[in-house]
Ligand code: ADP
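Below, in structure tokens: the form predicted on its own, a single chain.
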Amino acid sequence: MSLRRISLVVFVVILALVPVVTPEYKEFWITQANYIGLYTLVVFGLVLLTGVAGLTSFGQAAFVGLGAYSAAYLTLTYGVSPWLTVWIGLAFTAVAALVLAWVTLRMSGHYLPLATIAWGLSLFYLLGNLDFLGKYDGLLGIPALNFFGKVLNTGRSYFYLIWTLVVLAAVAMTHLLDSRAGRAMRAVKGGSTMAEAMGVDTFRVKVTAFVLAALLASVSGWLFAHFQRTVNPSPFGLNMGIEYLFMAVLGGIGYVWGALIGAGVVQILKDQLQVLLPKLMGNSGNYEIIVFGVLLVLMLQYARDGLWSFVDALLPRLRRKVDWAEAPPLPARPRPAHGEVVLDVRDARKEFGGLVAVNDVSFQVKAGEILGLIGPNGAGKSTTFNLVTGVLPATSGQVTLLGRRIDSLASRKIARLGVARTFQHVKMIPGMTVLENVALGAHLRGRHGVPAAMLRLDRAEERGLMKEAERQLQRIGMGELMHEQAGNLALGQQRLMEIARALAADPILLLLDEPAAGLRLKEKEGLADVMRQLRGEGLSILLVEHDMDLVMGLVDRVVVMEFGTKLIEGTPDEVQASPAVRAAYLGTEH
């Protein structure tokens, strides 16, 4: 058993002993622990939403309010069992979250957090102005929970329920992040281009993270209502939404267990400062807010990864167990017949305002062929790549893949048809291992989603994905680095990792955008050998590269572009012999 799992077991044992060893006259600390657990559930959602998916929200307190008010109103008005109201509250919260996600998650930059502030405030004032919810006085007399005949009407009796749910949520989130669905969530944080190229539906992933965070907040609200026995709008306003986000940042926005540290530190500090600071200042006031503001600035300046990062650094790095040796290989895509036209670009044109970046360019890529696309900087090569892969829509012309038109399709749909690519500037997830980054390329070859990941029902599929990722890393000579963090790799190794990730998708067409940039001579030779092997297996490759020795010694045909226009197309010998190419790209003889 790893040290991390031992630490979890020890933590659970300590939790179980807390009510036992805490004397009656210190009941206050049991209550504090309960509030920390309630807050931790909400902050778990922010870790997933903000730390993993990169979406900032100030409105999580509103979802806590939905869960709390659903429980209170249904129980008091209709006598519905609390064990049923939790599910009704989750359903209501899910619908509200889906509607809000559909509207707000289409925004980007600072507009998204501003939108969450807007609907958070709106819900707060709505709760405070509805007669049937008691307006700002709220709802009183909520009954205590009855758990198999035991009434949970004290802090001690409530403790085990809250913390059981906290531990289960933490384990479920840890499982989720170590899965196909979790890798997709991590991929959207750095932007949608790379994730969509891997076949990830980025909007759907963002909505999923948003709804999961809302559901965790709703459960916290349900617990809060029956613990407090009363609800009013005060705990569900914008101030509390900001406080939840502060807890997440303080504990470590990218760490599941950082949520617990952040919630604990903020709750204890807030309580102690509310007593200490008025004594020091000589009058009452919310001075703790000032302290939290200063603390947040210091954290962002000197410890952006939060407090848990210091704990995580002391723990041994978790190394994935290699348990996929006996996993069956993933199903492979049928290859087109040798010489069949795989990609057909006809009069493709891309205009940016008055600038013509690609000017009616046409070429074909056949099965089992490497086509080189070369030209000076600014010739339009990468833009052409983006037209083929759906990153940019064509202004006119058409692009077909095996006879099917794809120029109007989204990147993920083109990826599903068998097109994989690398990028001119490496796009990866630095905090994941090399193996996990490559496994992201096989995203479309899996099917299990969030529920299966949380319940650990996806392990057979995960072993297959990891086996495929290791196979591709071995193919390019990086098998010994599969457990290394991707952010620690040199640039050349990162480019090779990108190629392995693209190959994990089992494409019929592979687009490589300057794959040899940053590689040493031996690495370039190894890359050329891999591409020759792939060509021999029937894979079609479209290559953009500035290393002319590599291109001319490897490709079957070359297309030369200049100022967005196709200058010439031919064999490497024909291209090198062309005076027009010498003048435009390779230079002229004096």
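Every value quoted in this text rests on a predicted model; they were computed, and no experiment measured them. Position 1 is the first residue in the sequence shown; the rest follow in order.
Separately, the form predicted in complex with adenosine-5'-diphosphate exists; it is not shown, and the next lines address it.
Among A442, M194, V211, A379, the residue placing a heavy atom within 4.5 Å of adenosine-5'-diphosphate in the model of the complex is A379. The listed set M299, A357, A101, L409 contains one residue whose heavy atoms approach adenosine-5'-diphosphate in the model of the complex to within 4.5 Å, identified as A357. The candidate stretches are 178-186, 451-459, 492-500, 369-377, and the one lying within 4.5 Å of adenosine-5'-diphosphate in the model of the complex by heavy atoms is 369-377. Among heavy atoms of Y136, none comes within 4.5 Å of adenosine-5'-diphosphate in the model of the complex. Proximity of T383 to adenosine-5'-diphosphate in the model of the complex falls within the 4.5 Å heavy atom cutoff. Though the partner is left out of this view, F352 does reach within 4.5 Å of adenosine-5'-diphosphate in the model of the complex, counting heavy atoms only. Put simply, Q424 is close to adenosine-5'-diphosphate in the model of the complex: some heavy atom of it is within 4.5 Å.
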